[in-house]
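Let's start with one chain on its own, the form predicted alone, as structure tokens.
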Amino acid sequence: MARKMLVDGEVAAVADAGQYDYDLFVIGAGSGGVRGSRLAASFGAKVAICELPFHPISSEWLGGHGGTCVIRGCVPKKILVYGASFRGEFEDSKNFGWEINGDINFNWKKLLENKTKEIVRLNGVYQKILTNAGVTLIEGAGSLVDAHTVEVSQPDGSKQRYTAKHILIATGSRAQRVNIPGKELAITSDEALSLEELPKRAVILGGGYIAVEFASIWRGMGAEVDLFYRRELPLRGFDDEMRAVVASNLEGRGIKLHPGTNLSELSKTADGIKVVTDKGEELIADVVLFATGRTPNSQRLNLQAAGVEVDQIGAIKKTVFGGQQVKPDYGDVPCAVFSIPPLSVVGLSEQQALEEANSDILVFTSSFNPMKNSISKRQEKTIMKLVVDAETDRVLGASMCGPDAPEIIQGFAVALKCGATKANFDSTVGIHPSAAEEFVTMRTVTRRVSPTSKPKTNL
């Protein structure tokens, strides 16, 4: 007898059990794979998911339930950010009456041990979530035999084949290394989250999230950090004004910035890793981190066996649904860079708003010394920004760089998703005293910009 499941709101017959082993087979138990398999199972589908054995550092044969974000990405990174933030807290506490006598020692191995315990726990949590949803868990590396067959290579070397009406590829991506002489001496974010020893001298190549966040982490833990990136400012794609604020804060925290500079060669010396830049500069580091993007983790999947097309970097070009590439709607999706202090944004940057605008753009900004800093004497301002359509009064974007920025912006993301106007912001009573109230008290326009004068940024 055929089972029933819900498809697009209507009951449909699931393929007879004798035709396929599963209705859906998922390769990869990261964020996408876990969500896809749970959702399908909740609609009545018979689902299996395969994932590599757990390890904090990924490889062709090591992974874990939860994927990059949970095991070697967002979660462990945030734990290290918390750890690094205490250095500034200790400094700031003195003017609040705390008398700390003697040295404050930092135990990297203890933090690393507790971080690993947490991701081991979360790996188990994700396994339990899948099991409770009725999803069959299979350990091993999956690859395609044909459009309806997956072969799973298991840790003991054995191989097992499974058939499914649909196969979901959810293997994510992997950090890449820049192809320069000595690249094998560099590490990626995977290894950076599990280093046995905390570096005293760190060189980071890259200007994105990972580069900026690790610069803050290692500097917060006392390391000397040099950050190299190709543009004039880090965080390409973010609002240029906020990028400049982040750069200033990084320098204020003691990180040495090297804009417009690339690395050309690494070599091993008795004193560490010798780093040579494309400008002929030389320096010695204990660790060199390549934070230069990620590539699709699709090489060993044998996608051609099912006629799946990939582009030049290995990304899948088309999907089974409609035969076209499916791109999510990223409109008004909030995000955060967990630098110290963090940057968080939702909606359009000033540059993006001008690109899309049919009318003038109103920019409201506020720069102020947080109350805490007025006592601690830390010279680090909080910056907030609203981008508003002059014709409709709709708030197109909100940005903040300062303590608690992600927590604050997450709330305002709801407002932007609901189409809030500047008048709505102005009519909202702020919580006093708080930094967040500044977003609803900005009354004076900083500048009015016409789309005809839209700047083409190349920073």
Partner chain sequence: MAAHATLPFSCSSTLQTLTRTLSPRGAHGLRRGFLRLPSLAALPRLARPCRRHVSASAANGASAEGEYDYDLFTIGAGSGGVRASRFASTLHGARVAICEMPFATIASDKLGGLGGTCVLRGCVPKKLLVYGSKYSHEFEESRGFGWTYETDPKHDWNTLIANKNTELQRLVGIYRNILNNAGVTLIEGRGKIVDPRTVSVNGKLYTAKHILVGVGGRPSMPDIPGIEHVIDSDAALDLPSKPEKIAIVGGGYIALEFAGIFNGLKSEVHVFIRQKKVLRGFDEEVRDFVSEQMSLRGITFHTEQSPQAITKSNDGLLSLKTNKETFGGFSHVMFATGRRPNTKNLGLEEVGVEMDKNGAIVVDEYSRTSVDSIWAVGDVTNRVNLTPVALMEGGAFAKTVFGNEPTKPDYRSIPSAVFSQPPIGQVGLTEEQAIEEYGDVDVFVANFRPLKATLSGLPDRVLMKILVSATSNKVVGVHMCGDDAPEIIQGIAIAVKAGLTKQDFDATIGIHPTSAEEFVTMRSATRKIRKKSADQVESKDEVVSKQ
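Positions refer to the first chain, counted from 1. Since we're looking at a predicted model, the values are computed, not measured.
What comes next is about the form predicted in complex with the partner chain, which is not displayed.
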| item | value |
| --- | --- |
| In the model of the complex, Thr171 touching the partner chain (heavy atom, 4.5 Å) | no |
| Leu62 within 4.5 Å of the partner chain in the model of the complex, heavy atoms | no |
| Contact of Lys115 with the partner chain in the model of the complex (heavy atom, 4.5 Å) | yes |
| Partner contact for Lys110 in the model of the complex: the partner chain, 4.5 angstroms, heavy atom | yes |
| Location of the partner chain contact in the model of the complex, chosen stretch of 291 to 299, 361 to 369, 153 to 161, 139 to 147 [non-hydrogen atom, 4.5 Å] | 361 to 369 |
| Heavy atom within 4.5 Å of the partner chain in the model of the complex - the one residue of Ser93, Ser248, Ser194, Gln176 that qualifies | Ser93 |
| Residues in 213 to 240 close to the partner chain in the model of the complex, defined by a heavy atom within 4.5 Å, in order | Gly220 |
